[in-house]
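Form predicted on its own, single chain, as structure tokens, below.
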């Protein structure tokens, strides 16, 4: 049986021009040229800088221990893993998944080199490697494999099957239902190329560059330096104990302005990720695009755009999805400050979140709070039913 790395070399994704070029080279070279030696998957993720311009979050934690310890419990610290050690790996031991739509069955093999999958009847039963596990596991984990296509454009496969934590089971990856397979390798998943693939890695790593079928300069996960740029000169100045202030050496950013929302929107999806015609209150897609929804809210507009992500969320901590009372206190800071402030006629002191920002299911077992804060009506996406807020 072929090793998983040999499959990447054996089954590259080929564009038409790339396929013809490689076939021509192979033919005129006497059909004896060996395939390029593949590279293995990255080392198990660690908070270690691979480039001198990055320090790594652990280095930041030497001075900012409180923030670093909070960060380690957040989803941001777990956005990318090697399939050698990702959460829920044990669930795939001996697991099979039946793809009813395409009448195929996936067989999974967690190995020391990473996860492998076989689809009987394809490629002689050889194993296909699953290199990277995307996601913290709070909602789901999706697998991606880099598969060069013979061009300079990065290419990869988003695996057709994901692990859904809320259901504690595997299922078809969102967006892949109904997609045809134009070449056999697409039975393993959807082809992603170019900037789209690069954006996937940009939002799940602090540093990393795609070269062929591997990443270089990899710092996995969304670390401190994903938001705090120019940290190396800051650390150097602080080590010398002669900075003018605690922000010395940092790129100056207006954190308390709408620029903060744009920083979050790079990965949590802003208005450049959606057509203007799709920004409607009944579109459930907007629930997933929290910065877009927030920007439509009267709370945001009428506050003079002072309502920011950090108004409610500490960016260093895990977003507490059920700590309802903490978020309602934020609401009441504005909605009870004076007799002239807007007061809810139904429940002026509680229930703000469940009424005006309920959780909406966008995929079975995956739901998000709707950040388009408003008085809801029958045209809005239905809220998750039967959910009890934990008031802590």
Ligand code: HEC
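Source: prediction; values computed, not measured. Residue numbers count along the first chain shown, from 1.
One more form of this protein should be noted, the form predicted in complex with heme C (HEC), which is absent from this view; the next part is about it.
Taking the partner from elsewhere, residue 320 is found to have a heavy atom lying within 4.5 Å of heme C (HEC) in the model of the complex. Residue contact check for residue 102: none of its heavy atoms lie within 4.5 Å of heme C (HEC) in the model of the complex. At a distance threshold of 4.5 angstroms between non-hydrogen atoms, residue 135 is in contact with heme C (HEC) in the model of the complex. Contact check for residue 160: no non-hydrogen atom falls within 4.5 Å of heme C (HEC) in the model of the complex. The candidate spot formed by 84, 89 and 209 is out of contact with heme C (HEC) in the model of the complex: none of the three has a heavy atom within 4.5 Å. Residues of just one listed stretch (177 to 185, 90 to 98, 104 to 112, 137 to 145) have heavy atoms within 4.5 Å of heme C (HEC) in the model of the complex: 137 to 145. For the options 294, 155, 218, 170, the one in contact with heme C (HEC) in the model of the complex, meaning a heavy atom within 4.5 Å, is 294. Taking heme C (HEC) as it sits in the model of the complex, the stretch 269 to 306 comes within 4.5 angstroms of it through a non-hydrogen atom at 269, 288, 290, 291, 294, 298, 299, 302, 303, 306.
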